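Quick heads-up: the structure tokens below are two forms of one chain, split into structure 1 and structure 2.
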Structure 1
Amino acid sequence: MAKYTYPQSQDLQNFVNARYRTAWVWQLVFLSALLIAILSLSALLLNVADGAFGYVVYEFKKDPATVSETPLAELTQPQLLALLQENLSKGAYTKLDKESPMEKRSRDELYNLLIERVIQIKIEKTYNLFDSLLHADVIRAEVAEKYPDATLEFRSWLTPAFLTTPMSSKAEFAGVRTALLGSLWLVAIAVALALPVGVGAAIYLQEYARKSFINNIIQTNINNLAGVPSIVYGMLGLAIFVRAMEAFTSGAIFGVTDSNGRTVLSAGLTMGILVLPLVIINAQEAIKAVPDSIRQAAFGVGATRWQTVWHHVLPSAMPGILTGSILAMSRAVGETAPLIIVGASTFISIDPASPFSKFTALPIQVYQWTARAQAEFHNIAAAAILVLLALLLTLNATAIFLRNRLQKRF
């Protein structure tokens, strides 16, 4: 073989160094992909924060001084009630009274009603957080020039009241109370369906199923279901739960009369089916991780298969199953498309009280408000996103906590 066909000595040194340089350059290229991911995530979060806080310019349609001589903030509940009766049309008052008796409403609720219906704030313009922080002077000058009578106020759109007030057609009075409760109902129903069915299916596939055609089909099918677009589940829910099973999901067979199939129950069941493959796959992983020695030990002392599963495999796999279920829950909290299809109501101010209630949910609210043209709705969409992300964060933190706390057994 011809010698010296490879670079030698100094030549070799340079050659190897050149190869290292190439590797280094590519390393930077690869790293930049992760930097883009980090940048995107930061931009997304900052973009939401940007919308959730900032200056607001508003005017009163009616001067508060003409409504009451004492400053509004100092009025008591009976005084507010009297003012509302005085200033609202009879029809409007009766309608409000019918929704929930006016006498029984709290002072704060009445106060908000007075501002909303009588004084009538009109939002002229809203500014986002970074504008508000960086160009406060420009904003002040612009407001002084264009809206001389208006008030300029720095406002957080995410307030305690935002969490506790129901929907409103005016952005400044709208809250996510009904949406938050709707989301919780949804998740509860979805988990009630998906957890037992999912864990059962996982146990069957991991502990009982022998290699057979039908079991192979079941496994492949579950993997496929996990990849079906969520909107298709929405169509399934619409056709089966909302329409075919309307008598059940509307509560008609339980004596509920004022409802159709577009209830929180229909949506919850749809969501349960949507997360089912996820629950199964996660539970399978958890069961797979239980060492065989445990099963052999159980069989060795004469346990039946179910005894082995129930007393040994399931307790060991439980942390993993719980973690997987919580992750499935966070999927259910964030899904939007199926809810649109099965008919989440977009404007609803009454708390969901039973499975047969009409409902809305957090992501639906985000969608609706984002789709509105007025800027102030984008602000409350941002605030609603913060609530949604906080809820997801809580769920995931719980999952991580459970995993670390319970899974150090093997």
Structure 2
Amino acid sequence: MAKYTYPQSQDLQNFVNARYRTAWVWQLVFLSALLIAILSLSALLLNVADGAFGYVVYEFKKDPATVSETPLAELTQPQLLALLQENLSKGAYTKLDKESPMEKRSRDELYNLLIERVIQIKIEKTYNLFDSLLHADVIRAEVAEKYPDATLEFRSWLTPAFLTTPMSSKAEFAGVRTALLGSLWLVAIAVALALPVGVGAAIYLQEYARKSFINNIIQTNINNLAGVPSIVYGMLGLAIFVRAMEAFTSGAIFGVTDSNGRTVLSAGLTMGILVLPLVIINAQEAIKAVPDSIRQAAFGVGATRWQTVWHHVLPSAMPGILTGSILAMSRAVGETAPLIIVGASTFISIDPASPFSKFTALPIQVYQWTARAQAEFHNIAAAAILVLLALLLTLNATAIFLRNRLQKRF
């Protein structure tokens, strides 16, 4: 028989030192990975913020004094309405009135319309945040030389008005209200489809389905579908929801006559199908994590399988199910390709009022603005990215809050 001996003191010390060196190297590797991740995220945020703030050089195409003797900022809502009626053509005023009754619009809305349609601002040049902070004197000198009649103003493109203003063809008056509402509609419809169907499928596969060849094929396909490119789901949504189910998704069977299959309902259902495999997998993992002792205890006191699942397994797995589902919805919020295929509008100024409305979404709006040549559209695209990031962080924070609350409850 082989004889085993303990290492001598010097050999033991060398062995321990080697283990510590290896552990230190791996700790350094993991720390480096963390630092790289933090630096990448910081670079992303700084790059976006650099475009969302900075100096703007602009001129009025029409002198405000020729429109009103009273400063425009001091005019009341009826006075602004009268000026719009006086200075806009009949056709332009009627079109605005059809979109939303002019008499019911707020003073701020009328003021913005007057500036946009009558006074008309011309942006000469924009500067990024870091240039505005580090080279302010150079910028002022350049503006005084090249644009003597222009106004230099430090602007935050991300403002409360930016969130509450609809889309516009002019960057200085454009907002993300329509796109933000469209994204919220998409999330709501996707959740309504994916959450109950996904959790139900996960319960069946984990608690009821027996090990068989067919069930193994189903499980494998679900895992594979989670990695399918999103544009493939867009083609699926175009074929099924936009075309085959047009009578339903357009609202024709409910009496809606001014729409086609390219509605927010089609897009929401497509997003629901896209995240469905992720919801199923996350729910399965959450259910699998519930200890079998809970199930055995319920069976031991005479509970049926459904009673065990409903009263014991699901409450214990609910924090993980909700966390995984909301994180899956975060992916849907940031998708662009499927929405383009199913008919998202790149320019729309009317808010989606029902599932059968035309729509756009925040990623589509960012894509459309970044494709424009004017620098000011790149600025509002950066502001829209910040709104999108805030929406994603809100969803993730909601997931954490629900998980912690449910963990305390159950």
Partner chain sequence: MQNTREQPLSPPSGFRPGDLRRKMRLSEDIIEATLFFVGFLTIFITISIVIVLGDQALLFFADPAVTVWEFISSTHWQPAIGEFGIWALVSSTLTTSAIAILVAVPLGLSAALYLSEYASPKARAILKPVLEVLAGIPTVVYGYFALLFVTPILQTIFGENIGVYNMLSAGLVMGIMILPLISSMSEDALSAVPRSLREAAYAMGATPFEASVQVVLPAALSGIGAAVIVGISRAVGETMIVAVASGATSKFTFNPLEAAETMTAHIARISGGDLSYNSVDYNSLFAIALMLFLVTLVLNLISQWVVSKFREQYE
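C-alpha atoms forming the largest set that superposes within 1.5 Å between two forms make up the rigid core. Predicted model only: the values in this text are computed from it and were never measured. Numbers given to residues start at 1 and step along the sequence of structure 1.
Source of structure 1: the form predicted in complex with the partner chain. Regarding the hinge between rigid parts between structure 1 and structure 2, the matching entry from 112, 42, 67, 205 is 42. If you fit the larger rigid part between structure 1 and structure 2 on its C-alpha atoms, the smaller part is left turned by 28 degrees. Relative to the superposed core, residue 38 moves its CA by 3.2 Å between structure 1 and structure 2.
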